[in-house]
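What follows is one chain in structure tokens, specifically the form predicted on its own.
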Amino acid sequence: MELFRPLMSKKIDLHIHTNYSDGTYTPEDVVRVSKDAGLSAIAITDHDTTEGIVPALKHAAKVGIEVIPGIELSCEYNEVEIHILGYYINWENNWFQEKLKVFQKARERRAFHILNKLRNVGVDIDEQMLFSQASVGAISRVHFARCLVEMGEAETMADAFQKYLVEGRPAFVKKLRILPEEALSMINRVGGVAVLAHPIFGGGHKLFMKRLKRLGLAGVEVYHPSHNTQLSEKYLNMSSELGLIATGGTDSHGGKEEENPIGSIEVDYELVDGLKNAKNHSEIKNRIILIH
């Protein structure tokens, strides 16, 4: 879906997943595809893991593209799932990595639960085949969907989700979700800039955003494939009124079926400047707190 944006010389994509979570591309592939798409900067925002950041940074240094280290955390508020992105995080922080291990172990437990549910309806996925799909990163429903397609139990990834894996279907299992305030605290503690992801799916109300800002939210993902022009304008106005920075990205997961590949949404580099300013402001604020 093409969103309204002026002509620009430097484009970016601030929401990309690699095969370290539920993406298809390796971090190196992400960098290569991004460079070929004419992007100047990208953000690696895998779910619950930062393992894709270093290989992306190394490859980016060779081809000349800026990579922002990021994360995407799943939250829940009043039974609604909300995702929060963290940019410019200190991903090597030991405390942060220990927190992420809790999510990763929960994903493994969830995977075995899904396996059992599928077996109860006569679909027996080989565990070795499943875990080989997620050999380098956190296991997710995407890996189940790929197996189901390979086995002939579904025609496409989307079909696999609709038949078995979404809420209300026989193999659905909720993933671990934390409160938004915990996600914001995690991101801010490691020097990151917290941004509400794709607000159309959860959290897209002004009062809620205002509440999250008091808890440490710095921005809103205004531009996203699921936001049409009207929604993007709405969230842009909200972010401006609340003093939140605007960001945007494709939420790319790669693959042949992807409708919104890397770089397919026009997003200006000036949004990176907004993130950098927020990062610098946070660092100055923390230094003042430490001095006092």
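Predicted, not measured: the structure shown is a model, and the values here were computed from it. Sequential numbering from 1, following the sequence displayed.
As for the form predicted together with a small molecule, it is not shown, yet the points below apply to it.
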query	finding
K175, heavy atom within 4.5 angstroms of the small molecule in the predicted complex	yes
Contact flag, H47 vs the small molecule in the predicted complex, heavy atom cut 4.5 Å	yes
The small molecule contact at V142 in the predicted complex, heavy atom, 4.5 Å	yes
is_contact(K163, the small molecule) in the predicted complex, heavy atom dist at most 4.5 Å	no
Answer range among 86-94, 187-195, 107-115, 206-214 for contact with the small molecule, defined in the predicted complex as heavy atoms within 4.5 Å	107-115
Contact residue in the predicted complex, from V80, L179, A158, V102 (heavy atom within 4.5 Å of the small molecule)	A158
